[in-house]
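You are given structure tokens for the same protein chain in two forms, set apart as structure 1 and structure 2.
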Structure 1
Amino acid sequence: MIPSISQPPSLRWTYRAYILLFYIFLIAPLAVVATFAFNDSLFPSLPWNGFTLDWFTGDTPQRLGVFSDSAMLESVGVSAFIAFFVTALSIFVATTNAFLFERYDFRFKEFLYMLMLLPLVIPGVILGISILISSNSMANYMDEVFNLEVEFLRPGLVLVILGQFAFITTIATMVIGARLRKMDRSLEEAAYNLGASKTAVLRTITLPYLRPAMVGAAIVAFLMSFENFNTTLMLTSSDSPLTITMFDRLREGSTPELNAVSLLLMIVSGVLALISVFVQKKEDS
């Protein structure tokens, strides 16, 4: 069961075959999505009718490629807009959270840390509806008492951003907090001894040390926001982000254009994933 203990060859080969099957299981769905993006047919299924790039570049109504589909492109823009704000907000709060929990001792610290982890335990759909309820009752209150219609408290972009920010902050806090915990405090003390002020130490010592973790967490936050479905579904309105648009198309019956979008998504998230792995590798060394 470990390389140094000999096992009958039959068992070894069965084990290897199982591992191979597992990886086929893992890759198969992604491979078919990618392959059928190039099928010269109106449906993303067999038979294979030959290779085409129509589903990327086509501009006839029958064969609308991704790059000519304005509704699809617009939803990519909406998703990017949401992801940008979610990333900025959650990295900011995650960094302050990391300092709070790693650098200070206070009453109920353990309990508050557990509360900080809660958003990970709450199913996305429920996080979505609870924020929907709260913001709606707030909007109704403003309407009744001050006769004000507060547009951003109704389903829409702001609520989607807040909903995703609610749980992505937890993940970012864990990444940045782990890095801060590993920091050698004597670096900061040396700077203080040399007469540096608190803000100077923060700017020249602590934040540069945290940067790899912050970049890694920002990539993760951006991807999680871009790909989020459950929370977004409950909070979105007419400006739908990419995942919601794709979901609607999927239920109507899809053309291989959806495969083309998916392939582009895979490439972008794959590249971002590799960058974040690379950043973390560098952080360890």
Structure 2
Amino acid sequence: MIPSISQPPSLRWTYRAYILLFYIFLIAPLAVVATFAFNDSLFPSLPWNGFTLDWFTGDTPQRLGVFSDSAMLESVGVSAFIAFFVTALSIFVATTNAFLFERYDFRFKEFLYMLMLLPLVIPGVILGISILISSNSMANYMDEVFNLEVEFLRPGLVLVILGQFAFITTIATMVIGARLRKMDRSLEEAAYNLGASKTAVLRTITLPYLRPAMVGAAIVAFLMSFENFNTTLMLTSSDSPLTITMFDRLREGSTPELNAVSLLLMIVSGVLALISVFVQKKEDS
């Protein structure tokens, strides 16, 4: 912990071995999945039969690649559609929540903050089932009492968006709130003293300061929505997102196409993470 204190060689080598094993534990499964995306075999397993790009570009029934699989591409579009709206709603509400909990004092503030954190500790399956039962109960009530069929309360894209929004907003609120907590209020006070309105201060000082956190929270929200499975499984209908489509394919029998999809997801996630880091460093410099 203190560099000036000498450490026995055994301790240094133990520490290095621990770090090495830790990263091997994290990276090895991803490396295996990525490797078998290029295996010239009908099954994602050993032996290695040679290199091929068929699982990305193949167009035959036996070797249908990702970019030729219309059902898989459609599910990617559904996931992107859901993730876009979940991200937009989450960032808007999370920014509002951040100001509410960081800038204002009101009764039961701590209790309401803890209540906001509940979706993080509730298993995704339980959260999805709870939302499904509640929405179906309301839809049935509207149908029986008012003879109105409220489609968005039935399993479908709207309910998936609302279900993911319920817990992703909490994470985005924590990210943006942490950034807002560190802001120097004297910058805003100086602008007020110079005659700036609240809207002008928010637009020119506060929101630009929060931009790195908002971008980071948006990337996290998009990825969490795009790759969510447990909650989505309970709320989806015939329009299956990518994770549900992959799960259905896996039950029928895994092929290296799923490895190819997983590799593409790794690449996209890595690129978005790099963008988040770049934006953060650019704003802080």
Partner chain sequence: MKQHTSIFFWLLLAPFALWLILLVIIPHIDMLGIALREQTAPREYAFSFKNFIEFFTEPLYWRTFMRTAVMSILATALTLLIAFPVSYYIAKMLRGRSKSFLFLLCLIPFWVSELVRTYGWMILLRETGVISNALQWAGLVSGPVELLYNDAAIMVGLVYTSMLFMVVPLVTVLESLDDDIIEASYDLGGNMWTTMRQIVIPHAMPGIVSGCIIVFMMTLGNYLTPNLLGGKDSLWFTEQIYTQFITRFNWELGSAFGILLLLLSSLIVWLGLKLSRQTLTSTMT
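Counting starts at 1 with the first residue of structure 1 and goes up one by one along its sequence. Predicted model only: the values in this text are computed from it and were never measured. Definition used throughout: the rigid core is the maximal C-alpha set that superposes within 1.5 Å between two forms.
Only structure 1 of the pair represents the form predicted together with its partner chain. If you fit the rigid core between the two structures, you'll see the Cα of Leu11 move by 2 angstroms or more. Ile24 is among the residues whose C-alpha shifts by 2 Å or more between the two structures once the rigid core is aligned.
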